[in-house]
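Heads up, the chain below is alone and in the form predicted alone; it's given as structure tokens.
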Amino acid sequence: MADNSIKIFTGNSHPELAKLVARRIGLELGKVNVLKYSNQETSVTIGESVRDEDVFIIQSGCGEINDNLMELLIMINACKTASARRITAVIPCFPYARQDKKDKSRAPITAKLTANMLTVAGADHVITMDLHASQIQGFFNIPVDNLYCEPSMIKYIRTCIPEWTNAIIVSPDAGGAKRATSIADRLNLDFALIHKERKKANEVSRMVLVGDVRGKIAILVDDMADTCGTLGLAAKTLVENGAEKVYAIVAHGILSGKAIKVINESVIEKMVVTNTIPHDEKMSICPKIDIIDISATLGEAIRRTHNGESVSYLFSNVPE
């Protein structure tokens, strides 16, 4: 057991999730005042002592991404200069995770830059969920725990999708095939894949289904849904190929741009997302959205990290 105590702080990106995580551990959130000056500078004041404490700062990469990232960096640095023993950045949705490789000439690898900034600010450890590419862990020179939403997704399928035994797990692109096959194997279900051809970023031109979905309930599984163009087209393709119903389960529901309009007009029964990103406003205008709460996984990861226990149990199990 550690001889110091846990302090949990949150910025303005997702205070609701931070409250759920703190409640799970049985703690109150630490006092911190994060505000903007009239010239748009971010100001952070830590409102209680963190000397020699185990500090966890929860801040997701969503909404005003750059402001929230800057808030996180300043909070980490404020705790470092206030003599915290260890600072863990808990980032449910990692910002700039899609800019993880040099896919064209002169393209920046911004995920690596983000990793460098977090390390320089003073983070000793990072906890995140479902990184877009798990190699991002290698961008850091500090320990990174990449937790998975997969156990929570499996639990949702078993408890909330009637006739799930007649389902087929579908990956909307080749990149997500590994995730989808893993879920299909654990549920003992069949697997199908959709191959998409893109003309330009965020725009899909044509989709080809590999696998048989006739008479089955199709469950689309992906790590991220942004404008939802891919999911909308994928659902249409599945119904055209004889699927009875289509559900979509996504780890990070960014749902930007025309996403809500696309979901409302699509054949998707339910758009299931986790609460790594806040969705309260979107749920009021899109009744198809359903939420999987992952605060228990994050809370348990924080507790185990503090006590020096292994977190690998969380890779395949949902904490009770």
Partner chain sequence: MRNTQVFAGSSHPELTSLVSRRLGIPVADANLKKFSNRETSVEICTSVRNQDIFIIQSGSAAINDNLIELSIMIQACRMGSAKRITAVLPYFPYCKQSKRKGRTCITAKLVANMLAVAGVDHIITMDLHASQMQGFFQRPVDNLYAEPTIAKWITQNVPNWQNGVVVSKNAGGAKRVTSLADALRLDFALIHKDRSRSGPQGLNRPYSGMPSSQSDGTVRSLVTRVSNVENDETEEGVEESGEDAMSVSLSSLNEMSAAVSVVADTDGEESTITLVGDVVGKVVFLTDDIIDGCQSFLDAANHMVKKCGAEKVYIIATHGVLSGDSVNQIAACDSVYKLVVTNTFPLPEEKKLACPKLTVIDISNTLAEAIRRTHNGESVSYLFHNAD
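Worth saying up front: this structure is predicted, and the values here are computed from it rather than measured. Positions refer to the first chain, counted from 1.
A second form of this protein, the form predicted in complex with its partner chain, is not displayed here; the remarks below concern that form.
K.L.:
Exactly one of 236, 195, 155, 85 has a non-hydrogen atom within 4.5 Å of its partner chain in the predicted bound form; which residue is it?
P.N.:
In short, 195.
K.L.:
Among the candidate residues 73, 189, 127, 246, which is the single one with a non-hydrogen atom no more than 4.5 Å from its partner chain in the predicted bound form?
P.N.:
That would be 189.
K.L.:
Select, from the options 87-95, 137-145, 228-236, 73-81, the stretch whose residues sit within 4.5 angstroms of its partner chain in the predicted bound form by heavy atom distance.
P.N.:
In short, 137-145.
K.L.:
When the contact criterion is heavy atoms within 4.5 Å, does residue 133 count as touching its partner chain in the predicted bound form?
P.N.:
Looking in the predicted bound form, residue contacts with its partner chain include residue 133, since a heavy atom lies within 4.5 Å.
K.L.:
Report whether the minimum heavy atom distance between residue 242 and its partner chain in the predicted bound form is within 4.5 Å.
P.N.:
No, residue 242 stays farther than 4.5 Å from its partner chain in the predicted bound form.
K.L.:
Is residue 122 close enough to its partner chain in the predicted bound form to count, meaning some heavy atom within 4.5 Å?
P.N.:
No, residue 122 is distant from the partner.
K.L.:
Is residue 109 close enough to its partner chain in the predicted bound form to count, meaning some heavy atom within 4.5 Å?
P.N.:
Contact with its partner chain, yes.
K.L.:
May I ask whether 117, 159 and 252 all come within 4.5 angstroms of its partner chain in the predicted bound form, judged by heavy atoms?
P.N.:
Result no, not one residue of the spot touches its partner chain.
K.L.:
Give, in sequence order, every residue of 68-107 that has a heavy atom within 4.5 Å of its partner chain in the predicted bound form, or say none if there are no such residues.
P.N.:
Result: 100, 101, 102, 105, 106.
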